[in-house]
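This document contains two forms of one protein chain, each encoded as structure tokens and listed individually as structure 1 and structure 2.
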Structure 1
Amino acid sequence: MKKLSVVGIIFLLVVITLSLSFQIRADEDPIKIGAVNPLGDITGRQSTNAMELAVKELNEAGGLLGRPVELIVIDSELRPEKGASAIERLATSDEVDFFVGGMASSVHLAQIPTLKRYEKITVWIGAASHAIEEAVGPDEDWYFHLHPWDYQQGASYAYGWKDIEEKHPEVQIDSLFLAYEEGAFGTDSYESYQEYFESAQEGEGPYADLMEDFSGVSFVSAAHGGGDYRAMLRQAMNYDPDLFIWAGYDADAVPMLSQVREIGFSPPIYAGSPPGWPEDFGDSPLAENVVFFGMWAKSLNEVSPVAQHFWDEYIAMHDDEPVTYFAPLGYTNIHFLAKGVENAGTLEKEAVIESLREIEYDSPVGTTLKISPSRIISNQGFSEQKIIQWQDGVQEIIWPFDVATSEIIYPYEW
């Protein structure tokens, strides 16, 4: 009896949660889309904003199948178990029809066992690690993944470089140096380049004539307390590559460039593949002629009406510019799904899956989205990225040529 008060507290807490989980939603009418995004992070915040924009557009156009669309967003907090809880909540308490999201491979890996239990149609825009594909497996036809896998990205750059070499004879790439951050993101890049290099030595694969020689050195990303790249950069300088690529985070961009100047390193092409760029990066003289791989840039507005439309509407709704490609991807995510439902004319799962596989969606990332199989899963979306260059503070698309907004400036000089 001594612990009666304690017992009382626990009981109260249990009751509170129970009432939370039993929250009954009176309105059963709308088609519900459940999103799990890291709302504390710029990528998650902007892609959520873009998803809201897309839902608003759908509802203004009369909804889907005559029903309104509702978006329910839960923060993943970038923690695996929280991301999985969010899926459970969306599935059981909110009873959503579809799952969409989200960033971070570790969070998404933890969600997969839960997603597999519910087998609802899931369209995912982030999480590029090939481990995801292994975890999903070949038999899950309800799973759609839009972001190019890590290994696909590497291959698409090779096609780009070859095209560029052909068009601009002065560009000559034979040796490649990869600076990669020590975490999963960078190491995955390194491993896929290593694979490409091995097949290139046998004269096979996308890098067959590009990589006669390859080397890579790791660094600790500024995002993880590092930020001194000089040891790595000196090794790169001694190696003297035709193409220098760094695979790190946006926090690495400026400090690395500043140390590149300190060291006196000037490769003919200086390329990177961060998920975004720092605030006001374009205004910095360091940005000039830096090349990067990405899915989207503001300059796409010049060549793609969809991109322009997205840009204008996003700013009108949120009074903020989209700065990460996860914004147009979030927008794509919802519209792609909605189009699938619309074409199927029903929410019936098999029909929607079938119609999603058929869609050709002209997306604001400048490319047409069309589902095709990847190494393991059958429903992979984009497989290509773009080669983009900072020119006069603007991100200009260099490749693919059909959406190009400028020609490459070569060689990189400062």
Structure 2
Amino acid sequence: MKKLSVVGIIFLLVVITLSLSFQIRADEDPIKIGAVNPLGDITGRQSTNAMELAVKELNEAGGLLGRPVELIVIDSELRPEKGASAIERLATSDEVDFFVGGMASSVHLAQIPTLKRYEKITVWIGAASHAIEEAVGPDEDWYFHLHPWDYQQGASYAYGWKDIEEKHPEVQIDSLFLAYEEGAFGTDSYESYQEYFESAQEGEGPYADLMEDFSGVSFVSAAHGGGDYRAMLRQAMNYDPDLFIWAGYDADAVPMLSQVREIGFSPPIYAGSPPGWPEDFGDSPLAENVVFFGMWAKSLNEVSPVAQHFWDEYIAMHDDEPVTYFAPLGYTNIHFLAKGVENAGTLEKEAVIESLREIEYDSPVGTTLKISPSRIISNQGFSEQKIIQWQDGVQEIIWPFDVATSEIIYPYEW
């Protein structure tokens, strides 16, 4: 009996030692964040760069919960099937703790079923289509969406144009033409504007007293094999709108403007609504006086220390300037999630969800990030964008006026 007791004690000590060893190893294992971004697109490249910067800052400050942070990035290639398989791989092979990303509504729609299967906390910065919100549904408390939905963006533009009209009486916007890429992003943008127009005809909604006439035509984006916009542009020119807007991708920016000049189209306001612009777009004379909608511009450095910090550190790490608002959004993506984990003091799912809902994060996009419900989901972040104009190669904010860095140049001329 005595001999057996000694053996038992030794066995117990071995079990305890192994258990402690496993616990120490678990505590030292990295907290894994899985990102799915389109690395061939400027928005995906720069948001990934910004995520890497945020992870670097976190690890230099000691990590999270005493553990290092690891970012695992998979290229979606802007293809729905690639985006969905990336989520599956991150969940199973890489065993990530959280999901972040990403770009393109059509890609994200394909990812939603897989995200629902694993129900890991997801903080998404792209995919503005309200179809995403409908696909997620009202009951998924693990899902956080930071980018304004298409209907939120459209409403904020209306408020901006009304303010601009009031301040600048020479600006008159009665008719609007929307050229939209034929995918989910563009189509849903068109449907949102159509709804706004119908409400405006009844004297309701944000576009009441602003949009008296509306039309739109789809096009095949250069990002998806298109690039000839002439037929669409001729329809727009014949319509003769006060405000021309195109909703597509950065690959459409230069060829569309070249064809605008080719056919002689010069609307009073020429506006683009891509998620990001080509890196050197501001250096081109084609950019002059082009208006666009976005969440950030370099000029925010003048009014936001957080924006200035992000700008300086991004350049120091990557030897390149951020040119798309998906860069500061990518940075926000990681730091917002990390702050939620830090405040929760645990990786326990419900605790982190509640923590994220309580955060007020001073973001480099010049707006404080605070979670609130949108039409369907419980956890929506930003709700509006800014109106910006290329002037002498610089992105100048022309609305909201409290962060404006210039007045609108009107009308658009080339």
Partner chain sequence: MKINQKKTSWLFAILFFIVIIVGIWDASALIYGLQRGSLYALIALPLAMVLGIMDILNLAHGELLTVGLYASYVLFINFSIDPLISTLPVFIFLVILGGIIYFLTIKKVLGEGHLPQLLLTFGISIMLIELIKIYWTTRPRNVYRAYASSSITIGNFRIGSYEFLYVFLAFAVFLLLKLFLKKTRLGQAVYAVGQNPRGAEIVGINVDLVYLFIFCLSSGILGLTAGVMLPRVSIFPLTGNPFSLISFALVAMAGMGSINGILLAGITLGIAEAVIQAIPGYGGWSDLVFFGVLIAVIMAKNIQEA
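For residue numbers, the reference is structure 1: its sequence is counted from 1. What you are looking at is a predicted structure, and each value in this text was computed from that prediction instead of being measured.
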> If only one of the two is the form predicted in complex with the partner chain, which is it?
Replying inline: 1
>> Treating the motion between structure 1 and structure 2 as two rigid parts rotating, tell me which of Ala297, Gly340, Val123, Ala54 is at the hinge.
In response: Ala297
> If you fit the C-alpha atoms of each rigid part, what angle in whole degrees does the small part swing through between structure 1 and structure 2?
Replying inline: 15
